[in-house]
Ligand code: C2E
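Okay, so here's just one chain, in structure tokens, the form predicted alone.
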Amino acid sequence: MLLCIKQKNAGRNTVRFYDPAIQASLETHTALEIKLRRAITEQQFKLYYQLQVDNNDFILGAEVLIRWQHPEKGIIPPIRFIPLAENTGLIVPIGQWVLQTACLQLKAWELSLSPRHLVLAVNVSAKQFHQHDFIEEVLTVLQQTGADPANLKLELTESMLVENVEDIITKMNILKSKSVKFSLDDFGTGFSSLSYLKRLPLDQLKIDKSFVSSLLSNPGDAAIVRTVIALGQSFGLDVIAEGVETEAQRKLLAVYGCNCYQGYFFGKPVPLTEFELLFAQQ
């Protein structure tokens, strides 16, 4: 419902409209942003770990996924705050915290008897990656934590490739020379050129879960999955399918030549202690 308001101080014959719904949305947005800034200051975040396995169900590592552990509201999922963090630029300090925490965990595992081989995949936002000092940030974190760069995998989204591709390739090559791994996330959902794909120093392609979920029922999605796997093989890359939820999906992916998997069929995202228990049981 729009309210019509006539303001004398705005000039003669001036009418302005007020929408209570928009005002309420703005107030909610502002309140959430204030809470998010406080969460960054007070370190209210927590990392969850989702298994990544090979064809033999051997645990290769995990993708780290952030959760907001609000002192009053409990766990707040990323869908609630990541878009806001992206829009406000707060994704940069949040991403820095995730990177630092993941590398500290890698070092902790290196110092224990096991699982020192595990690779952690860390999502990097476009805003974070395009920061002028991103390379220095990653190398500094690795140096300060003592984590093995070969156990760190940075996940970039295909949508990042629509601009500043040359800068992206340069940064990737520098970090790749230090043994950092790269995975291209959500592959198949964007419009990146195959010529760019050939030049990117990637280690892995990640099949988007939207294709995996309809793999058995949609011939078009099945064709995309087969194509992505064939592309990965032709470029000498690992291919991981995310969102695997059934044994039938996993078996068909294996038939197509996929060699890595992630999804609820193998394990949901869990806190560190539960993830380490899963590894111990293996």
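For every residue, the number given is its place in the sequence shown, counted from 1. Source: prediction; values computed, not measured.
Another form, the form predicted in complex with the ligand, is not on view; read the next lines as being about it.
Review point. Looking at Asp221, Glu245, Glu33, Asp238, which has any heavy atom no more than 4.5 Å from the ligand in the predicted bound form?
Key: Here the answer is residue option Glu245.
Point to revise | Heavy atom within 4.5 Å of the ligand in the predicted bound form - the one residue of Glu137, Asp203, Asp186, Glu110 that qualifies | key: Partner contact (heavy atom, 4.5 Å) among the options: Asp186.
Check your understanding: Can we say Glu63, Asn123 and Pro269 each have a non-hydrogen atom within 4.5 Å of the ligand in the predicted bound form?
Key -> Per the other structure, all of Glu63, Asn123 and Pro269 touch the ligand.
Review point. With a 4.5 Å heavy atom cut-off, would you call Lys209 a contact of the ligand in the predicted bound form?
Key: Judged by the heavy-atom cut-off of 4.5 Å, Lys209 is in contact with the ligand in the predicted bound form.
Practice item. Could you confirm whether Arg226 comes within 4.5 Å of the ligand in the predicted bound form, counting heavy atoms only? Key: Flag for Arg226 set to no.
Point to revise | Val98 within 4.5 Å of the ligand in the predicted bound form, heavy atoms | key: Val98: yes, in contact with the ligand in the predicted bound form.
Practice item. Report whether the minimum heavy atom distance between Leu142 and the ligand in the predicted bound form is within 4.5 Å. Key: Although the ligand is absent here, Leu142 would stay clear of it in the predicted bound form, with no heavy atoms inside 4.5 Å.
Exercise for review: Determine which one of 195-203, 144-152, 171-179, 74-82 lies within 4.5 Å of the ligand in the predicted bound form, judging by heavy atom distances; exactly one does.
Suggested key: Correct option: 74-82.
Review point. Quick one: which residues from 254-272 get a non-hydrogen atom within 4.5 Å of the ligand in the predicted bound form?
Key: Gly263, Tyr264, Pro269, in sequence order.
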